[in-house]
Every structure is written in structure tokens, then in C-alpha cells.
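Shown here is one chain on its own, the form predicted alone, set out as C-alpha cells.
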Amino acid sequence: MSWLRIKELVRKEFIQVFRDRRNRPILVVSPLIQLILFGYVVTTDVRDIRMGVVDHSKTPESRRLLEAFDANPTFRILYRLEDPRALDRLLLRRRVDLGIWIPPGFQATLRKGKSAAVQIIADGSMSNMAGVRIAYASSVVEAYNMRVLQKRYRRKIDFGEIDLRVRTWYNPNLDSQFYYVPGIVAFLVMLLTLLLTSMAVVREKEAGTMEQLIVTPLKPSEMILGKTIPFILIAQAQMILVILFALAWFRIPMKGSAVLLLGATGLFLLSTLGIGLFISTVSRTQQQAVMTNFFFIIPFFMLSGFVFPIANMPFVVRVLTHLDPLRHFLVIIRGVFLKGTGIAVLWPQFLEMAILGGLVFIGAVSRFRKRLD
């Protein structure tokens, strides 16, 4: 193996990549724009709940309950209605997210010392969001209940003898951006390396320069190294750039080792570059290579645990997720970012990524042939 020939091929790849003006925004601007876009869009935080209310009681008690919602910055009472059917129509048209109906006997029931019924109607078309909204509304009603009981009995009301003190580690404010942004960083690295590598060999075929490479003394292994080393360096540079931008823009904490994270990125790139090379060898055109990428990108995304918890998947699917390198990289990058986790805890993920990456890369290299067909 001649490192001189590899060095010259690497130099040629860098010149070819950066000479094309269309590649420059893809390599630098595109990851930052996507990070900003996904960082704000991909979130499960509920910060604005639009409400419609039907108050048939019209008493001080019902007004205080509605004032409790109105005083909470999460809720906005947009409509005060007289007909419950109008509330149904607003929910149907997605004008409101939550509806409250207070019956006529609300005050009388409370003053008798009994439990008064209040109906909360939620838009369940998005079940996860509906569950969060109902939980928030229930907490407001619970706080109102405590105030009513304290006013009635003129003393502190304690339920039970257990004083629960909740402390949230690693993400005290439960900010979903802290969870999703590191995952977006991993997804962007996978997306860009797959797209760039999958077109490495196909581009030579379409440009008519593959014949020139075939007649050179380059061995297949040297050609593979010359094709992949530039993208490894580019991907690591993109990783550093995107991480620095995430730290500065989203204020994501970085509690672990940056060196460990870059090492994990190198193992992750073995899999993505190997898959990209495999796609490049089986594709005849760049368009075909781009379309084949989606055959890998979508399953990797769905099985990674990025959005959908792996624990909720069927057993067979959970087994298949171990073949997804993005799953292991997400555990590492989130652990390094939020928990400061080290190799002593993350070694199973490193081991599985190393095995996956080695097998995929060796398979891609063995599939590569120094010929046109």
C-alpha cells in the first residue's frame, strides 16, 4: 500500500469537493440552518394552550377557577361561550386546544361540601400533546382545590404523611431542546456523510474520470481510503462546527469529554461511510444514489429512539434496533452532553458501533471493484 498515492487521491478529492460551488453551502451553511430549524421545531414542550370556556355557573367560584387558568402563562382563554356545541365546533376547526365546561350547579355543590364536576375537553387528534395539556389543566384544578379546602377549614391541609421532594437531574427545567438538539447533531452528521459518500464513486462514473482511475496503479484498498479519508475529515470538522453552534445558540450544556465524543464520531462514521460506499458501488447515477439513501435514512431515524422510545417497540423491532448505528451514537452523544458520562458507562455502545462499523466497512470494501461494471 502506497501512502503517497493515497495522499494524492485525497488531495484530488478535496479539490473536487470544494471546487464545486454547490457543495460549499451544503458543507457549511446547510448543517447550521438545519440545526436551527430542527432545534426549534422538534420539541415536546407545551407553552401555549388555547382555551375556550363555557361557564354556566357565572358565580365567584367559577370565575376564580377561570382566573386561575388565565393567570397561568401557559393558558390563553380565547373564547367565552354560552353553547357547549360552539366549543365542539372550535375544537373541530382547531381554533382551541382545550375546552372547559362549568355546569350551573357548580357553586351550590361546592358550598355543600361536595365535589363539583367540571368537564375538560381536549383535542385528542395528537394524543401525546393532549395528554400533556390535560395534565397541565389538572394541576391548575388541583391547586384551586387546595385553596378552596384551606379557605373552608381555615387550616393547612396535608394529604398523607409522605412529603415528596422531586429533583430532576441533568435537565432541571425539563427543556426538550436539551434532549433533541444533541440528537439532531448526530442525525445531521449521518445525513451529510451518507449523501456525500454515496456519490463519491458514482460521480467519477458520470464525469467519465473513472476510466482514468482504473488505469492508475491505485489498488482498490488505496482507492477506498483515498475516497473516504476526505469525508472523515469533513465530517469531523462539521461535527465540531455544529457542536460549537449548538453550545452557543441553544445553550446546551456540554458536561462530558469532547475527545470522547470525537472518538465516538469516528466509530459512527465507519458505519455511515461504509453504507455510503456500498450505495455508491451499486448505483449507476447520482440520482439513483440519492434515492437509495432514503432506504437507509428513514429506518435509521425511526429505529434510533430519536423520537419514539425503543422500550415501547415490539420485541422483534427492539432487537433490530441494535443494527442501527444511530441508536448507539444517540446514547453516547446525549450521555456526553447532558450527563458527562464516560467510557466506563458507554463502552457497550462503543463496542456495538465498532462491530457494526467494522462489518459494514469491510463489506463495502469487498464489494468495491476497480472496474466500470
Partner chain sequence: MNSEAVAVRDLVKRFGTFTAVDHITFSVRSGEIFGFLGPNGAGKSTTIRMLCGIIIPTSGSGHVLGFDLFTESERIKQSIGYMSQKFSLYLDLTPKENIRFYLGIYRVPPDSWDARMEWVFKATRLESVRDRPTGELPPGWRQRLALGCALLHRPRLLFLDEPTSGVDPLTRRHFWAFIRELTREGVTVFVTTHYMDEAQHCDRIVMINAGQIVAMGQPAEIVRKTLPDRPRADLGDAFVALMRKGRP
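Because the structure is predicted, anything quoted here is derived from the model rather than measured. Positions refer to the first chain, counted from 1.
One more form of this protein should be noted, the form predicted in complex with its partner chain, which is absent from this view; the next part is about it.
Taking the partner from elsewhere, residue 24 is found to have every heavy atom lying beyond 4.5 Å of its partner chain in the predicted bound form. Although the partner is absent here, residue 113 sits far enough away that none of its heavy atoms falls within 4.5 Å of its partner chain in the predicted bound form. Not displayed here, its partner chain is approached by residue 216 to within 4.5 Å at the level of heavy atoms in the predicted bound form. In the predicted bound form, no heavy atom of residue 248 sits within 4.5 Å of its partner chain. Using a 4.5 Å heavy atom cutoff, 4, 16 and 207 all lie near its partner chain in the predicted bound form.
Heavy atoms within 4.5 Å of its partner chain in the predicted bound form map, among the stretches 89 to 97, 216 to 224, 270 to 278, 296 to 304, onto 216 to 224 alone. With the partner omitted from this view, the residue of 127, 287, 212, 119 that lies near its partner chain in the predicted bound form is 212 [heavy atom within 4.5 Å].
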